[in-house]
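Read the single chain below, which is given as structure tokens and is the form predicted on its own.
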């Protein structure tokens, strides 16, 4: 009995294929938005929560705490004011925490370039799957997703992105030597390129290299200045920079080393007592803030959940409207198929069988639309998660 009704319903769907396809697409679009929002909020909460839980404290200049923590955890966005390196070194000097500075702002083929120390790889449990960790100036390692997107592997090279095509004062692209590729972790680290602090400063235009005097003796017009027998090339003739073993020692950052800018610093206190003391120390600081990463991400996710309630309410109204339209479609379908239904009744189909057939038709269509929406929500969530850098 049930098999026969199901067969009739399927034959009807196949016969009215255009109508059925339109209904599947309509239901898919109706279900897509709430399902996609639910999936995105869930993935965002899990990613940020896990990331924040593994990063107890974040040090940075006073300003937006959301911008600071998101930049430190996901390497996305911009922090308005940098933090002097001396602040991070001063916190490390207390002996109460392990401090890992981060220099952000540059990118390689769209992937964020993260200047940090080798301690970052150890703290995050990042393992080099191919090649070796970065050691020297101009060297870097790629996250697994970044390496795939850039099409590079251990032993290759990659150019940093110029800040702006129309900004003539922006730093020239720096050619990085990719020493290794990290194992996949499913976090923002997969989508980033990691290098030393000095390399990140060179990429940002805060450091440059000198060439020996004999290299410009033939045309001294290329020299902008002379420092102790060493000529400094005019920036207008430097289209790209590559750090080699021969010129590595000539690269340096001008100015006070203590004032070198870092975007943020990740802080791992030695014990709960040290965490409490450090947080109290920076609570009244005028220019620097020390934030509990989990508290900030929880607050941010609270705002996200509140916004989600609006989408949920909207989805309920849309679903109600869709239900009314579905009822109208059913009534119009019954009227349009009156002759067909009368024929089924005359050959022995009861009213219950006919009603079950029509119900199965629209049930199958609704389930197909729901399946389409689930697939679409998964695709949207994956794409946007990749756009956030795994967060």
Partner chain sequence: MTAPLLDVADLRFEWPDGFALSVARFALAAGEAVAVVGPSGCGKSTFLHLAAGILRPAAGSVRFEGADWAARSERERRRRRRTRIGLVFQEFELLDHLDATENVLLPHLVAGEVDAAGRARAAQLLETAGIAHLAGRKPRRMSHGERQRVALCRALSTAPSLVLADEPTGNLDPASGERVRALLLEGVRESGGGLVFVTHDRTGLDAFDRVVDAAEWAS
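Keep in mind that this is a model prediction, so the values were computed, not measured. Residue numbers count along the first chain shown, from 1.
There is also a form predicted together with its partner chain; it is not shown, and the following applies to it.
- In the predicted bound form, its partner chain lies farther than 4.5 Å from every heavy atom of residue 335.
- Among residues of the shown chain, residue 323 is not one whose heavy atoms approach its partner chain to within 4.5 Å in the predicted bound form.
- Interface residue remark: residue 53 is not counted as part of the site for its partner chain in the predicted bound form, having no heavy atom within 4.5 Å.
- Proximity of residue 329 to its partner chain in the predicted bound form falls outside the 4.5 Å heavy atom cutoff.
- Although the partner is absent from the chain shown here, 11, 350 and 353 each have a heavy atom within 4.5 Å of its partner chain in the predicted bound form.
- The single contact residue among 366, 29, 41, 345, judged by any heavy atom lying within 4.5 Å of its partner chain in the predicted bound form, is 345.
- Look at 45-53, 61-69, 32-40, 336-344: in the predicted bound form, residues with non-hydrogen atoms within 4.5 angstroms of its partner chain sit in 336-344.
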